[in-house]
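What follows is one chain in structure tokens, specifically the form predicted alone.
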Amino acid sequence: MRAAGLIFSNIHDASIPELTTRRTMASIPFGGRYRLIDFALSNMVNSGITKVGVITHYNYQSLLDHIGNGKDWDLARRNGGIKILPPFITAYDNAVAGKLYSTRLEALMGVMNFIDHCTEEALVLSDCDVICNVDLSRALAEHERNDADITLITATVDTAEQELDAKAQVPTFDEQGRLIDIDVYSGQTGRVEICSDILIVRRTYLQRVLAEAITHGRTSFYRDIVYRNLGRDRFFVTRYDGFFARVNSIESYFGCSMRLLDHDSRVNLFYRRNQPIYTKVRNSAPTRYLPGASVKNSLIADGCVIEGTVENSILFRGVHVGKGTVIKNSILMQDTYTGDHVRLGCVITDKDVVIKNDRELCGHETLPFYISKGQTV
């Protein structure tokens, strides 16, 4: 089945304001060298989707810098490729007059022109707050076999590892995968199966429900489209059983990142069924480990200089760790500089942070200490 992709880059920005003040959710750095949008883009490219629209809102300069012309994802194409879709391109698209969109459904109303010009039978819709490596080609085959209008991809979350919020949708379905009911998360503990917010939608069906939504002033995709049409339209569910994490707070960002230090989790995410996660290529020198350096159970990107101790941490490109410095359980983003004899524990530094000599900063796993972009401590 031929499909195009649509990625929502901004609709969850309010969930993690610390990291989205100057960037979109889609361009939040993750895992040492990636951005969150890399997972949605790679899922699509690995499944043969070569036409992808990225719906933007505001603060998307860093997203444009990261994506470029899409060549790192093999999306620099004359036909199809990657397209940045600013909000409400024309007066016709501006269904919510006087304001920018705030929901998934309103965002889709704003890109009706893109949807109408697609010739593919299906559209894959993906948020950027989820981290996973999904085989969309298998999901598309199930969608076609079921003659479905919408196929929801679900994932199982262990609430002991990650806290869920009220935005999570919990589906109920029968043995054939037909959706019976859908409700918001209400505090269940243990292993909970939720919607991953990756959906496959029949294009003609999406065009029809969007036209109805514009006419009746509807705003919620799950409430006004899925729940309203349960039992009448063909809605199905397919399961994803690999690594899954959702970034819905600074605490969850820290927890999701720390899960990458587990070997099995890392392999399950980045090397699942020969489906690589692509990102922007940056040619940097290898990391230098100078005399006195000690690194244990950490992810270290290229271009770093390490003179101190790093344990259970993630260092992005270009980080400098000074002499006698001890970094534990922390995330240091690109070009962070730490002086000599610094001690960090459960700290997140944004890009271009400078920490002077003899500083000691400490947070906790449930409340990491965050330093915003460009700050000097």
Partner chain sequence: MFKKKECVAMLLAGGQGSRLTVLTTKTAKPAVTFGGKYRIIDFPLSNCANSGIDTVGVLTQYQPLVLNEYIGTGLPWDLDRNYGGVKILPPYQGKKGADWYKGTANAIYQNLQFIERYDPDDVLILSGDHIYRMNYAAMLDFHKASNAACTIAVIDVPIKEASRFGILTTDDAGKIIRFTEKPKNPDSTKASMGIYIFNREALSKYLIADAENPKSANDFGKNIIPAMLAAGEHMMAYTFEGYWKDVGTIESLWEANMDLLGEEPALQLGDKSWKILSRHENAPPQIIGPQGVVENASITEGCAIYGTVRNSVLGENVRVMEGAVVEDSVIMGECVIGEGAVVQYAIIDREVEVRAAARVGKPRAEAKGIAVIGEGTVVEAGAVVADGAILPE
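Numbering follows the first chain given and starts at 1. This is a predicted model, so every value here is computed, not measured.
Below, we refer to the form predicted together with the partner chain, which is not included among the displayed structures.
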- Name the single residue among Val295, Ile115, Ile250, Ala155 that comes within 4.5 Å of the partner chain in the model of the complex, judging by heavy atoms. Val295
- Which listed residue (Arg273, Arg145, His263, His216) meets the criterion of a heavy atom within 4.5 Å of the partner chain in the model of the complex? His263
- Using a 4.5 Å heavy atom cut-off, indicate which stretch of 56-64, 339-347, 27-35, 43-51 touches the partner chain in the model of the complex. 27-35
- Query: Is it true that Lys71, Tyr278 and Leu299 each have at least one non-hydrogen atom within 4.5 Å of the partner chain in the model of the complex?
  - Reply: yes
- Message: Given that the partner chain is not shown alongside this chain, does Arg208 nevertheless sit within 4.5 Å of it in the model of the complex, heavy atom to heavy atom?
- Response: no
- Determine whether any heavy atom of Gly231 comes within 4.5 Å of a heavy atom of the partner chain in the model of the complex, and answer yes or no. no
- Query: Would Ser257 sit within 4.5 Å of the partner chain in the model of the complex, counting heavy atoms only?
  - Reply: no
- Message: Whether Lys83 contacts the partner chain in the model of the complex should be assessed with a 4.5 Å heavy atom distance threshold; does it?
- Response: no
- Task: Taking the partner chain as it sits in the model of the complex, which residues of 332-359 have a non-hydrogen atom within 4.5 Å of it? Please list them.
- Result: Asp335
